[in-house]
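Taking the form predicted alone, here's one chain by itself in structure tokens.
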């Protein structure tokens, strides 16, 4: 997904701070998102993701710093219909049909797309006449997605959008999101499915302890982690002896292969070669999961206090 209006800033956080008592949930975040981008917000539980989203939507007020959505305060952007959102919390209105609920939400926006288009995007065509309180968890999540899309908003914020969805529904949602962003719309989403960020985001923002730890493309994030993996067919090798090789930090064995994590792959491979024949040698860089774990663990000062609301 590529921005067609790269000069237009949609979201801007400037030195934003938000605390709950002694816990600083958002700690001086600076963040810029431009029109047409699809941005993933990643972080462990308690990192400040939900608080950042609440601030962006005007549901929370910062203690200090400045937030602008389309150059105006968040609450003004929300009232104008420029922002749609899918949040983790909150229940759907019962005893109405899917069509009635999505249609009602659509009617609150000044320039909403046709109702049938929104139902089709959310894969709700066959469920349009069903009562909302008769839906499964995954079907209810698709209704929340349709509500976020109902106004055709220029910015859509999705907090864990694929929670409770099966694999096929997740695939359909991201197909819809790619098409939406291709029209110059802007998407910010948080997720615990790291592969979703890897595949679908133009840019990834990793936060931890209320601060931005890293941001960039998926390849940028992966390149921040020096660790590499050397994989060989195990043969008669002793895993304990492999752990003693230069640069090695850990060794795991799966299906007859030894996967050797190393901070110096050249030294590790040379040491392997000096031991004798090496079969099936593969060297790979860190994946998005390894990079995420390394970044968040590296910057974790200690356990997060319970009740931090982050």
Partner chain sequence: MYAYLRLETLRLLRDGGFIIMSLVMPVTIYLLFSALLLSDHPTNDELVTSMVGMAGFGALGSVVNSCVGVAEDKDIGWLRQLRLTPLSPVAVVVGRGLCAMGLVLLPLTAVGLLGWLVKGVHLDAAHWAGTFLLMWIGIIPMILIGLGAGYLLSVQKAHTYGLLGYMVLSAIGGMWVTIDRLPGWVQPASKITPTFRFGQLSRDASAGHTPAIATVAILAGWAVIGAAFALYSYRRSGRTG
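Numbering follows the first chain given and starts at 1. Remember, it's a predicted structure, so these values are computed and weren't measured experimentally.
In what follows, reference is made to the form predicted together with the partner chain, a form of this protein that is not presented.
Q: Find the only residue in 235, 81, 239, 216 having a heavy atom within 4.5 Å of the partner chain in the predicted bound form.
A: Going through each option in turn, the one that passes is 81.
Q: Consider the chain as shown here, without its partner, and state which of 164, 199, 224, 93 has a heavy atom within 4.5 Å of the partner chain in the predicted bound form.
A: Partner contact (heavy atom, 4.5 Å) among the options: 93.
Q: Using 4.5 Å between non-hydrogen atoms, is residue 57 touching the partner chain in the predicted bound form?
A: Yes, residue 57 lies within 4.5 Å of the partner chain in the predicted bound form.
Q: Does the 4.5 Å heavy atom contact test between residue 75 and the partner chain in the predicted bound form come out positive?
A: Output for residue 75 is yes: heavy atoms within 4.5 Å of the partner chain.
Q: Is there a heavy atom of residue 136 no more than 4.5 Å from a heavy atom of the partner chain in the predicted bound form?
A: Heavy-atom contact with the partner chain at 4.5 Å: absent for residue 136.
Q: Examine residue 131 and determine whether its closest non-hydrogen atom to the partner chain in the predicted bound form is within 4.5 angstroms.
A: Within the cut-off, so yes.
Q: If the criterion is a non-hydrogen atom within 4.5 angstroms, does every one of 255, 268 and 272 touch the partner chain in the predicted bound form?
A: Spot residues vs the partner chain: no contact at all.
Q: In the predicted bound form, which of 170-178, 190-198, 206-214, 108-116 comes within 4.5 Å of the partner chain (heavy atoms)?
A: Looking at the other structure, the answer is 108-116.
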